[in-house]
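Below sits a lone chain in structure tokens, taken as the form predicted on its own.
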């Protein structure tokens, strides 16, 4: 699917500059509506400047300005009747492009009870955004990179973005919390708009920034602006930039923040933070989301609804073993380091545009600029962050990136798949054999998203594939996995995938290959073991180290017994506790790593605490970190990098993982709260 978003302004965009009065602005709004656009702009509602549909210049907030301070927002009267004499309110333009609530997919039972999935109907409206500030232009450009710049394109965002006409407004007065000048995002709109207005003493200069904008100006028939009008725009926006009281130095922020993850300031701010998520709701670039399942009373149809989420909620970081960000400190640190640090290598720009909304709408007045300044004033010892994919902050207004040719939105819609067998592995674990959609293939270590309409969707590692059925080993620990584990042959589920990175099998060619599994971690390692032992000429020495809670919790017992006779495989199993009938080892997995070979390549999967101790032991034996691979587990709602739930420092587990070479995550791996 080809998707194009609004191109940035050309170098000669400001060659078309006109001047209009309020009547001309009224005609402009009328022309936009004639062309089928719904005109949306700033207006006064509930004591705030909000963006809503406007029919006339009379709907604009004439004579109002917003007074802002940390934890405070008030509307007051201006001494004049300027239409755009305010800065920004609690609503940003992302509400019209990345909507707060959106139905993604629908499912129903067709004839004969067959399960059917489809993309939910969606008709993008043509909308003209009136009064977009330069900081919000930058925010739109940032979200372009999130939703249209990766291997998948978010189809709803892309459609709404294509249909949008943007009328920017240059700022001549700064608010008390504005710091866009520091971030390089304003107050002058430079690109990303169709038209840009500057309001000076009741009149407007109008600049065209796109072919669509130039065509509309021609229809408007406005007079050419005088040279002094253009000069006043430059002088006024320069004064506005110089007047900003707030500052943030973006230089070296990724290294500064990711290099001070244990700074005492995180505890200090956590003592104040309420984890209310206000900052993420008003932020124009935050994109985290979650999903809700809906169904009718008969159970014959269901839908998946995406709603805005926040990394400040405990649910955002919840997996079956608990939350990987259990403390408020963890969540605030996650938000700030992502916004200002890890966003840079992910998307090529900072995630902060300097609008100040998060400061104004924080109930306790936490100021993001003060938090950064405090850490910069007393940084800790410079740590080794060499393994993290960091980069200096580039231009804060990147050109929207065209999606890859392989972007296919249908990849995000489940397809029906029938269960052919259900094998009980342990009292709470089942391996489902599922006939996948046509054309299925995978690499060891990848995962699928499995769903049940009206119940939910979860990421499940692929534990086997025989060419006709794909295997998923599922522990029944939550509402979705319990119902998946209860499926029987002939029943259907939804499947999409496979996703993610894989075990680099060929890295172990000719070397001792150590496969280290803890509990359910053997499931994603099982296809790897099968490939390794099936190629003895390439992998003459394979060692499987497996740990379980009890003998009854060991997975794939029959298959493991069959592996024992393989000439290139040694199998060593241990359990935490066992009865007198157990003849194997009792104890933790690490005790089986005492003779770790420095020549080996290590593949490790299991609970994070188990992996930490196992990797430490491997490294203590002198094994280079480049020869160790780990598989991470995170809460995944989309598997395409859109929901933000699997954020792991500068990485997304769904896209960059789940398999990582250890040195690429070592700095974060040893820390809890990420």
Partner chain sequence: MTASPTSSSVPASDSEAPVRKPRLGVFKFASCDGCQLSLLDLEDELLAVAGAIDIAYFPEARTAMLPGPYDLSLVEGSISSPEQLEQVQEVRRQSRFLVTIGACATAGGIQALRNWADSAEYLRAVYARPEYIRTLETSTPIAAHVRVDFELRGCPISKEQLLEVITAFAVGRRPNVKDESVCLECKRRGTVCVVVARGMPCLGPVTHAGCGALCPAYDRGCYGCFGPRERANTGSLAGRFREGGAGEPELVRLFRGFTGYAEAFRKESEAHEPQ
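The term rigid core refers to the maximal set of C-alpha atoms that superpose within 1.5 Å between the two forms. If you're wondering where the values come from, they're calculated on a predicted model, not measured in any experiment. Residue numbers count along the first chain shown, from 1.
This next part talks about the form predicted together with the partner chain, which is not shown.
With the partner omitted here, the stretch from 204-212, 334-342, 454-462, 80-88 that lies within 4.5 Å of the partner chain by heavy atoms in the predicted bound form is 454-462. Contact annotation: residue 118 falls outside 4.5 Å of the partner chain in the predicted bound form, judged by heavy atom distances. In the predicted bound form, residue 290 approaches the partner chain with a heavy atom inside 4.5 Å.
Residue 298 belongs to the set of residues with a heavy atom inside 4.5 Å of the partner chain in the predicted bound form. Not displayed here, the partner chain is approached by residue 45 to within 4.5 Å at the level of heavy atoms in the predicted bound form. Shown without its partner, this chain lists 231, 251, 561, 307 as candidates; in the predicted bound form, only 307 has a non-hydrogen atom within 4.5 angstroms of the partner chain.
This chain is displayed alone, yet in the predicted bound form one of 270, 419, 430, 159 has a heavy atom within 4.5 Å of the partner chain; that residue is 270.
Contact annotation for 65-104: residues with any non-hydrogen atom within 4.5 angstroms of the partner chain in the predicted bound form are 71, 72, 73, 74, 90, 91, 100, listed in sequence order. After superposition on the rigid core, the Cα of residue 300 moves by 2 Å or more between the shown form and the other one.
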